[in-house]
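A lone chain, given as structure tokens: the form predicted on its own.
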Amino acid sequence: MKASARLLTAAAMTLALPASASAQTEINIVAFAPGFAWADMFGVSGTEKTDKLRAFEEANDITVNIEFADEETARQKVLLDLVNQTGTYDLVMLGSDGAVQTFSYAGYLEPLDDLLATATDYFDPEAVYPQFLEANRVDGQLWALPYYSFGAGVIYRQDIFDKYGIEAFPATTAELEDVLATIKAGLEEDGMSDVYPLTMRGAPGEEPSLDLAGFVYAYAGYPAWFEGGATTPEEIRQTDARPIFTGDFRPGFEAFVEWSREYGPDGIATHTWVDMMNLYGAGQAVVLMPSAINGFAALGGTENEDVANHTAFAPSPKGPSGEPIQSFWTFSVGVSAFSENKEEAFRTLAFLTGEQAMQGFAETVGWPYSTFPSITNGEVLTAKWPAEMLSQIEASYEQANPHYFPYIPELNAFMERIGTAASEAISGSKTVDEALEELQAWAEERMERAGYYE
């Protein structure tokens, strides 16, 4: 009887709600990094809707629900929801280093080109750096919009460069290798055994692949995964392009491995981006590359005054090909193909990635990265960062080729295997040749099984 009374009371309360409240469409989102992503919308805890978000909800008859989790858990939730086609989440967290490509080819995402015109009051594609949109295009279609995004660059300790007589950050990989050797010798002579010339990421899995592919591109001068630089399924099939992991892929792979082993910290074969950030923030690394964004993350929490006061930024060095080392990524969000409210979902997405949202990101996080030129050069970031640095960061976008690795349905699997091969070579459990021969054999079998060479 008590249960029945509660149900009747709830029903009465529902009936008593205003028509506008009961008619609101609910849009569900899954993401990671509460307090970082959309802190101006959901507060520092990720659970407190701000006036900015409530105003959007009221104006559009939409209720926005976000579910935050740690990065790995959030990725798993996206995967399970899409594979099972349940449509629990209308907007799904993606990344331009595998998820956008794999899920779009699988038919799990809604193409966005036709929806762009429906929400230009929130998101103007013409006002965004084009490379960040290009990173989310697969087979000519746009599948996601970028939020937190970055290009390649280097963060380094100017005071230590000065200490060892290094006048400027090197422009090429050959010059940088000489500089790293100089720094290593100087640190050893000064008894600074807990400081390392370089920090990068070498953990098994997909973790190193974004940066490692950038080394491959700089050394080869093209995306050297398949013969002829094929980067799409159509190109691979039409040219019968075979994997070349023991060919032109090798020089960049070997450089990444050798630099990690020779100049990186102990345990680098297990290091993620978090380890890079923490090591630099603690003053235990002189150079962090090629994802300088992790150095800026370190600056936000460092208690080391030398790191805080003597950190500098430099463009990514150019490899033997004349192309710079790449590291280009977007924390992007797409509309699930299984959402029952795609138009409302896209309108929410446009709001969450539009200029107003990115202005909020600049104000709450303050990193010198934005998807909008107007914000890069706006009052908030120009008051915090040197004009030369912001100009160099913009140049890194212009020099970027977002497709510096292939955009194929199997990209997630390839990123996982490539990163693991690098980790094994860095740890010494395999030689470079052994790691690449195994990677080559796996890639040939994987592509044959997928029917590319019929």
Partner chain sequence: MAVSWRFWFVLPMVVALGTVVLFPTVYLFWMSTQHWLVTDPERFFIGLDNFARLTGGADFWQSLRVTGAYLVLSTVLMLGLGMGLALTFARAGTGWMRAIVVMPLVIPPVVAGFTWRFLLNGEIGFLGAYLLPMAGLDLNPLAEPRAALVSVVIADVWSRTPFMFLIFLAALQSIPRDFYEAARMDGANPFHEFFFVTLPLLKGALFVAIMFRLVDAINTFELIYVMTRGGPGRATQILSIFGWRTAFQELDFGQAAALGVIMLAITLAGALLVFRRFVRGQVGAA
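Residue numbers count along the first chain shown, from 1. Treat the numbers as computed from the prediction; the structure is a model and nothing was measured.
Beyond the structure shown, there is the form predicted together with the partner chain, which is absent from this document and is the topic of what follows.
If you check the partner chain in the predicted bound form, you find no heavy atom from any of 117, 292 and 403 within 4.5 Å. Proximity of residue 245 to the partner chain in the predicted bound form falls outside the 4.5 Å heavy atom cutoff. In the predicted bound form, the partner chain stays beyond 4.5 Å of every heavy atom belonging to residue 236. Proximity of residue 60 to the partner chain in the predicted bound form: non-hydrogen atoms within 4.5 Å are absent; the residue sits far from the partner. Remark: residue 267 counts among the residues lining the partner chain in the predicted bound form, judged by a heavy atom distance of 4.5 Å or less. For the residues 275, 254, 134, 355, the 4.5 Å heavy atom test against the partner chain in the predicted bound form is passed only by 275.
A single residue from the set 374, 382, 76, 141 has any heavy atom within 4.5 angstroms of the partner chain in the predicted bound form; that residue is 76. With the partner chain left out of view, the stretch that reaches within 4.5 Å of it through heavy atoms in the predicted bound form is, among 100-108, 255-263, 221-229, 124-132, 100-108. Using a 4.5 Å cut-off on any heavy atom, the residues of 409-423 that reach the partner chain in the predicted bound form are, in sequence order, 409, 410, 412, 413, 416, 417, 420, 423.
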